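So this first bit is one chain, no partners, the form predicted alone, shown in structure tokens.
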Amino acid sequence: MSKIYKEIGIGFIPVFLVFLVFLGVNVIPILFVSALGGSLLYMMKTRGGIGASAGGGDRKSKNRTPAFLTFDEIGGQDRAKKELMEALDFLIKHEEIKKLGIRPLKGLLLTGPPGTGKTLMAKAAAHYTNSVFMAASGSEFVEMYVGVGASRVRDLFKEARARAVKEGKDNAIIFIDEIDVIGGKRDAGGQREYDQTLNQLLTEMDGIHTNDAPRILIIAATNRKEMLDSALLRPGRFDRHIEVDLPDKKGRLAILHIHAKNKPLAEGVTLEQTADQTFGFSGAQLEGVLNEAAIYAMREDKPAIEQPHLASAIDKVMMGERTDKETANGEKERVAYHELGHAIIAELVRPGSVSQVTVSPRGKALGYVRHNPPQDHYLYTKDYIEDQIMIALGGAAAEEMIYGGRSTGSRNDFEQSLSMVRNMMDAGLTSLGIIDREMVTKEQLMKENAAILDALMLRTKKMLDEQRNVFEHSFAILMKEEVLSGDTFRTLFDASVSQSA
């Protein structure tokens, strides 16, 4: 019947307008007001202002409890998983903890870089506790209409409780990703829409009573914890803060094995080598490495992934896809000398660290040297950082030695060098000693910065000048092959050093 009435209404409107025109009525204002009203009605419906709740519409289909995702399927986060599972035990073993007077946690905050598995851990938490799982992003609560965000927070909690009752479950987990969007520090005296949404979230968390059934647990994720309002971080709201950091070598290897389960690996392929070469990669990047390696194998019509495919995939994830840039021959030669400068210094200060030297353009880089970190580092000495700076300066130093001047290709190298010098200053590893940047003049900082970089550049040039034979032996082969493996480069390096000796 509603369809019939709708068709009758659609047919009546143009007839009515024609009738008004016949009577001499100006219908333009009517059309304008009708169009404006229809647009506002449509916007409010799609944004959740009228007839749509935070848990309504499309969200209902994506908030189902994830099946078959367990903590065993998340690699590289043993410490974080252990801490999270302990907190979840408070939720499911409420009778046992009541005897000790332990208050179950209301909120868990997962912090760490992007791609480290925070969302996966929240989903695994729902599976571990057999809970209803509701997911939302902080941006979903941000609206141009006052009060809509706060209304959505209320509706999210209301639907979590209703679904838990409907599905006969004792617990419900609400996961809010990117909570820094709505949980940022509030301005004194300001009344933003964000503040109203945050205030409502705080109120809802205060209203969680641990003895009520169903029990509600909030899990939030952010990679910008320093931006969060202190009211969110206090005990009684987000009681436990769990750091989900970048995986170490053991963690990287575990992640690679998980994502390699459905991929054929050629005989002799070792994922341990890939784990060595991916220091600083997140879990998402490691998954991307294996996926790109499989794509390279498919391009070459190979039945299984081989070690070169994994090496190319690491380059792809780090630098981007190979480009079709055709550089002039003179420019390519300069790039070759530049990259050899990096590689020679790296081999001198850290033998065996060069994994690959190439002059093939990839991403925005015309050439690059991929290094093999011997082991994961979390503490750095002054000597170690100075060696890293010299490796970064090696390209510019080689250009100066060969051509008498630098090019714009050294820009990124200088940015890295400046960043490392700042790190040295902040750690008290320079002649300035332990400093507070606000108590030191800009001139002093610039003077110290220049002194460090100038001294290291002189050392770098001297070391490269003593290795001219390496340039001569490696340059022609690099120009011809475009790619030198670490082992090939070391063979050329050792042969050149032997001749010069």
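All values reported here derive from a predicted model rather than from experimental measurement. Numbering starts at 1 and follows the sequence shown.
The same protein also has a form predicted in complex with a small molecule, omitted here; what follows describes it.
No residue of the trio 104, 171 and 218 has any heavy atom within 4.5 Å of the small molecule in the predicted complex. Remark: residue 287 counts among the residues lining the small molecule in the predicted complex, judged by a heavy atom distance of 4.5 Å or less. The small molecule is not shown here, and in the predicted complex it never comes within 4.5 Å of any heavy atom of residue 184. Contact check for residue 120: a non-hydrogen atom falls within 4.5 Å of the small molecule in the predicted complex.
The shortest heavy atom separation between residue 177 and the small molecule in the predicted complex is within 4.5 Å. Shown without its partner, this chain lists 352, 363, 113, 264 as candidates; in the predicted complex, only 113 has a non-hydrogen atom within 4.5 angstroms of the small molecule. When the small molecule is considered in the predicted complex, only one residue from 75, 149, 138, 367 comes within 4.5 Å through any heavy atom, namely 75. You can rule out all but one of 161-169, 412-420, 308-316, 253-261: in the predicted complex, only 253-261 has residues with a heavy atom within 4.5 Å of the small molecule.
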